[in-house]
Ligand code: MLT
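Below you'll find only one chain, the form predicted alone, shown as structure tokens.
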Amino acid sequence: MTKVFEARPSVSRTLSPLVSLSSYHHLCYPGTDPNAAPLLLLHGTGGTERDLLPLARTLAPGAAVLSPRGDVSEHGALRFFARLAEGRFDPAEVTRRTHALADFIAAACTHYGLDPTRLTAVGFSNGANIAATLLQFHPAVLGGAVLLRSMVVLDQPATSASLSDKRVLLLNGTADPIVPLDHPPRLAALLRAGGAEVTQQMVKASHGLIAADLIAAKSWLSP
């Protein structure tokens, strides 16, 4: 049975766990395969909580899925944090939104019975970027991540040993007009500073996803 929760967004860090859970409109689907790690789906700019559901079913058909909707509007396009311009960010804004999402994830894992040590983020673009900042600032809420078309948003290394038990896959396009070519290796270094096992792979693509991304991500996710 699908568990669906919709609520008015809130970003306060002093709220009860119940209100933290209602901070984001989201969907939660229970898993059918106990061996499959639960997935946290984080959509890109202009997406919704439903955008990455087909991708999740392809990558890990029996996995439990938690999928929040970004709570920031950029001229009507939903995101997980605001930006000043293409590729330019306010560190305070990104940090605040990362804290809020971490609170939501912790509350959702408790409410829906998801294991945070196994919860694997699958993020695309803006969703991949906030997954990366979650790893940098709140490593306890994730077990690992698949970062699709991510870039360096906050140039801060993860705390030493904070990611020592976590795996991360970075998949970027060789012809991506949004993500500079030096960003994937820089992000990999920031995460490796925390002890993460990082696999970095470039595919012959632009910012959009291609079949090679799905093949690589599915292989990486396989138990």
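The numbering used is simple: start at 1 and walk along the sequence shown. The shown structure was predicted, so the numbers you read here are calculated from the model rather than taken from an experiment.
Just so it is clear, the following notes concern the form predicted together with this ligand, a form of the same protein that is not shown.
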Answer with yes or no whether Thr48 is in contact with this ligand in the predicted bound form, where contact means some heavy atom within 4.5 Å. no
Phe89: touches this ligand in the predicted bound form, heavy atom cutoff 4.5 angstroms: yes
Heavy atom of Ile178 within 4.5 Å of this ligand in the predicted bound form: yes
Should Phe104 be classed as touching this ligand in the predicted bound form when contacts are defined as heavy atoms within 4.5 Å? no
So which stretch, 109-117, 81-89, 135-143, 95-103, is the one near this ligand in the predicted bound form (non-hydrogen atoms, 4.5 Å)? 81-89
Looking in the predicted bound form, is this ligand within 4.5 angstroms of a heavy atom from every one of Ser22, His26 and Ser67? no
So which bits of 93-110 sit within 4.5 Å of this ligand in the predicted bound form, heavy atoms only? none
